[in-house]
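First comes one chain, alone, set out as structure tokens in the form predicted on its own.
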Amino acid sequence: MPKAAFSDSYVTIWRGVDCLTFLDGLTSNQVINLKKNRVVQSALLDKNAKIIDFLTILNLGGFLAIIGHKNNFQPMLDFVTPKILQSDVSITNISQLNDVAILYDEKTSEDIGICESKDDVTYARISKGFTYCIAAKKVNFGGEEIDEKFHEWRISNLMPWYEYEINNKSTPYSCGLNQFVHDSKGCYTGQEILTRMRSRNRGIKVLKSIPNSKIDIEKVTTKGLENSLVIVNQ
């Protein structure tokens, strides 16, 4: 299976008994019930429901490992740190000690949403064709830089990506992250805006793969050889 190095990522460790509750109050998906050795993805939102970062959250028992986009690390930290207050939450950046790689186009029938560690590598299976790997630097886990092949796979699998579809000017509903908005969880930052968008059916968009011959090039978010990703009204 192809392997790509996600060199534009960061990895943080979150410790403390309040971590899941804290994250649940700031992100769009349900995080509070995340069990040990499970993984979930969720968008960290500001008060206007705009994306600060799109997080991959692993519960490794005793602590959480969270993967995000490197360009969003400082905005993420600046946003969450003042909100910790008396909560039992501490955040450590371990990016310099680990590499993040992506296994994609996997042919497997194994369960999704699980994470496991083996030989200094932690695997988090996001979907049946996509796994994040956090590897200690000493392992030299490797992987080619993200390239055209990975983006072609994304186009075929309708997978949004950082700085293509996912950006800080978008809400989850306007960049293809609809499935990561839990519509019946407790209060969280940006919830009122997303609920209003949903109830009025306004601003809800979907990600589609459309042949290049049939698209307006100005609306393309990821250009492919034959098809491209486009965000369109639902």
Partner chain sequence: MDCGTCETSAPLEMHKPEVVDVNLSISDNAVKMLGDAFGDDRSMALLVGVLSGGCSGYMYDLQIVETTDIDCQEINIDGFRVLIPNSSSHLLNGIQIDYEDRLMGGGFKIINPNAQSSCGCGESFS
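Residue numbers count along the first chain shown, from 1. As the structure is a computational prediction, the values presented were derived from the model and not from experiment.
One more form of this protein, predicted together with the partner chain, exists but is not displayed; see below.
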Are L60, A65 and T189 jointly within 4.5 Å of the partner chain in the predicted complex, each by at least one heavy atom? yes
Based on heavy atom distances of 4.5 Å or less, which listed stretch (124 to 132, 86 to 94, 143 to 151, 158 to 166) is in contact with the partner chain in the predicted complex? 86 to 94
Tell me, yes or no, whether F73 is in contact with the partner chain in the predicted complex, where a contact means a heavy atom of each within 4.5 Å. yes
Taking heavy atoms and a 4.5 Å cut-off, does A136 contact the partner chain in the predicted complex? yes
Using a 4.5 angstroms cut-off on non-hydrogen atoms, would G25 count as touching the partner chain in the predicted complex? yes
Can you check whether D120 is within 4.5 Å of the partner chain in the predicted complex, heavy atom basis? yes
Ok, K36, K208, R202, K47: which has a heavy atom sitting within 4.5 Å of the partner chain in the predicted complex? K47
Which of the residues spanning 1 to 21 lie within 4.5 Å of the partner chain in the predicted complex, based on heavy atoms? I13, R15
